[in-house]
Each structure stands twice: as C-alpha cells, then as structure tokens.
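Here we start with a single chain on its own, the form predicted alone, put down as structure tokens.
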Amino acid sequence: MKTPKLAYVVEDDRITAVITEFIVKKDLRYRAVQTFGNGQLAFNQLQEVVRTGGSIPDLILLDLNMPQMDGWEFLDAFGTLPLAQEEVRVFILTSSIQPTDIEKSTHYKEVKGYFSKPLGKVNVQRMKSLLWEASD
C-alpha cells in the first residue's frame, strides 16, 4: 500500500470535522488533512489544484447533507474534473441510513464506501481494508 498523503474532509458540522480529521490522521495515517465546510469549497479547491498542478487528495470523506453544495452535487461536479479519478477514493460519511442514498452512491465509480456517522472503530477498520484493497 502506498503511503497516504492528503485527505479532504467535507463536512459542515465543525465538531464532526475536527474529530474526523483526528481519526484520519491517527488511524488512517494521512499526513495532511484539509477540511471544507461544504461541497462547493472542496470543489473550488479541486478546480484550483487542477489549474495549478497542486496536490490531489488520495481520499475524500464526504458528508451528503450540507448547505450550498451537498454531497450529491459535489459528486456530480467532481465527475467533470479532468482528474485521474481512479486515484481519488471517496468515502461517504453521513448521518443518512436511507437505502435510497446507499443505492444511489453505488452509481458513482469514485465512491468506494458508504459509512454512517459517528465514525467508530469498526468503520475505521473497514476504511483501512478498502484503502488497502484499492491500492493493490
């Protein structure tokens, strides 16, 4: 497995974002984590990265229910970016347990996992396994 470099946490709840950032650094071993309060801010950053040739995140943890640009709108916009999207893994991290949301997430090729909040040890272990499998 390659060394994880950069992760984005896209989450509008500040406390959840801080806790998730801590877990991603400590348990998933990401050296750098950037947090964004909604999908639009994260998408704007990705556009800038594409334009300037900056660091592309390896992982995006994405909430679905956010103001301005929600997770679904972000995924639709993300698909328009000229990124090597196979290298950017998206894990949905949401309070939604709606079967329709889980099923809808399978239509996005960059979505590699769907997780319910709060992010506990079982889900962190599952994320590690998915990241490990994806890096082979």
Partner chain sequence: MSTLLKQHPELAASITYNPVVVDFLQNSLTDGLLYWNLLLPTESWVNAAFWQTLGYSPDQVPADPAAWRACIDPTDLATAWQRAEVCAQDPSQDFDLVLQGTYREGSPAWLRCRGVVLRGDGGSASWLVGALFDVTKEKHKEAYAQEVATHYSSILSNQSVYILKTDPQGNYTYVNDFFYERFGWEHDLIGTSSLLSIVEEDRPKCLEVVMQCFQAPEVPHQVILRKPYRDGSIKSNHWEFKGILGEGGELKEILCVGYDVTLLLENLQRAQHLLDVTSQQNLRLQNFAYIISHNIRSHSANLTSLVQLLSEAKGKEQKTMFLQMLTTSTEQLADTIVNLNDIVTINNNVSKPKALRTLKTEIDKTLEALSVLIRQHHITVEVAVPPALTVTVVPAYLDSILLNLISNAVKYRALDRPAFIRLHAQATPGGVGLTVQDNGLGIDVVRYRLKLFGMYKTFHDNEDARGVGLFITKNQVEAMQGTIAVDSEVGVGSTFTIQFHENP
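Positions refer to the first chain, counted from 1. Note that the structure is a prediction, hence the values are computed from the model and not measured.
This protein has a second form, the form predicted together with the partner chain, left out of what is shown; the following refers to that one.
Undergrad: Any of the heavy atoms of residue 75 lying within 4.5 Å of the partner chain in the model of the complex?
TA: No, residue 75 stays farther than 4.5 Å from the partner chain in the model of the complex.
Undergrad: Does any heavy atom of residue 98 come within 4.5 Å of a heavy atom of the partner chain in the model of the complex?
TA: Contact with the partner chain, yes.
Undergrad: So, residue 28 and the partner chain: in the model of the complex, are they within 4.5 Å at any heavy atom pair?
TA: No, no contact at 4.5 Å.
Undergrad: When the contact criterion is heavy atoms within 4.5 Å, does residue 124 count as touching the partner chain in the model of the complex?
TA: No.
Undergrad: Please identify, from 105-113, 44-52, 64-72, 28-36, the stretch that has a heavy atom within 4.5 Å of the partner chain in the model of the complex.
TA: Among the listed stretches, the partner-contacting one is 64-72.
Undergrad: Suppose contact means any heavy atom within 4.5 Å; which members of 19-41 contact the partner chain in the model of the complex?
TA: Counting only heavy atoms within 4.5 Å of the partner chain in the model of the complex, the contacting residues of 19-41 are 19, 22, 23, 26, 38, 40.
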